[in-house]
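Shown below, as structure tokens, is a lone chain in the form predicted alone; questions about how it binds or moves come after it.
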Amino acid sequence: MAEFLALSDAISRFVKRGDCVALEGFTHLIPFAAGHEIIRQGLTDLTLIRMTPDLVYDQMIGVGCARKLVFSWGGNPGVGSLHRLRDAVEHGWPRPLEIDEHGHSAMAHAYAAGAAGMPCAIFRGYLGSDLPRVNSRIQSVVCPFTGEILAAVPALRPDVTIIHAQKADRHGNVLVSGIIGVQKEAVLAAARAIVTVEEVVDDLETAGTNAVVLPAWTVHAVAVAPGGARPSYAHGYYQRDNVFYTEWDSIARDRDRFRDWIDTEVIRGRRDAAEATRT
């Protein structure tokens, strides 16, 4: 059953050094506040999992949180590369980064397999792709009924999944609405789940667009974090900060400027904000 905790307490209790951690959200509801708290707590040797790693993973990789990245596409949406990710892969700064690259479909199927307790995901995919040549975790199987050759990848079963959502009720049930990615599957596949929310309400009467409700029994901790998805957006609450996404390109290109930004905006500048989430 979900427990209401301050974000700092939820991270310190449920995320450990060396864990496999998935921070999911698609286009919006990206859990930046949680990622920044992981940075503040100095957690390292993480295997980071995400279908579309963007700025929050660029930041976490740039400070040395990650030893491995499992992903399907990585970039600054609408802008370009993730320069801290590239620096880690190409130059080993601030530490070498192992990568396990897949297609979107493979990641979605792998989360679903993890949620179902299956050892792997089997699907039609990778036809004509070079990825199986460079990723030994992409295999093929023969359907025993039709003889068709199908792709297979290991199930994704994070130690911890963290998502951001619009609302939780006072029992810990969570509402996610708007564009939905793989948040539901990622939560169900994980051993532990943390959800940051914009607000806590008495009930979830208004479901909204494409609504998914995660029952309280699927969630270990709920942390109130208004604005917890910024600079991405939260459907019904605030817009995407497109200016910042553009600015990040120049911030992340330079190691010293990046470290200054992390120190000012995350380590020092956001510490008070993190404390404000205490309930």
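Small disclaimer: the values here were computed from a predicted structure and weren't measured. The first residue of the sequence shown is number 1, and the count goes up from there.
Not on display, but discussed next: the form predicted together with a further copy of the same chain.
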Classify N210 as contacting or not contacting a further copy of the same chain in the predicted bound form by the rule of any non-hydrogen atom within 4.5 angstroms, answering yes or no. yes
So in the predicted bound form, does any heavy atom of R230 sit within 4.5 Å of a further copy of the same chain? no
Can you work out whether R124 and a further copy of the same chain are in contact in the predicted bound form, taking contact to mean some heavy atom pair no more than 4.5 Å apart? yes
Quick one: is P119 in contact with a further copy of the same chain in the predicted bound form, heavy atoms, 4.5 Å cut-off? yes
Answer with one of A193, V176, A168, L156: the residue that has a non-hydrogen atom within 4.5 Å of a further copy of the same chain in the predicted bound form. V176
Enumerate the residues of 145-174 that have a non-hydrogen atom within 4.5 Å of a further copy of the same chain in the predicted bound form, in sequence order, or give none. F145, T146, E148, L150, A152, V153, P154
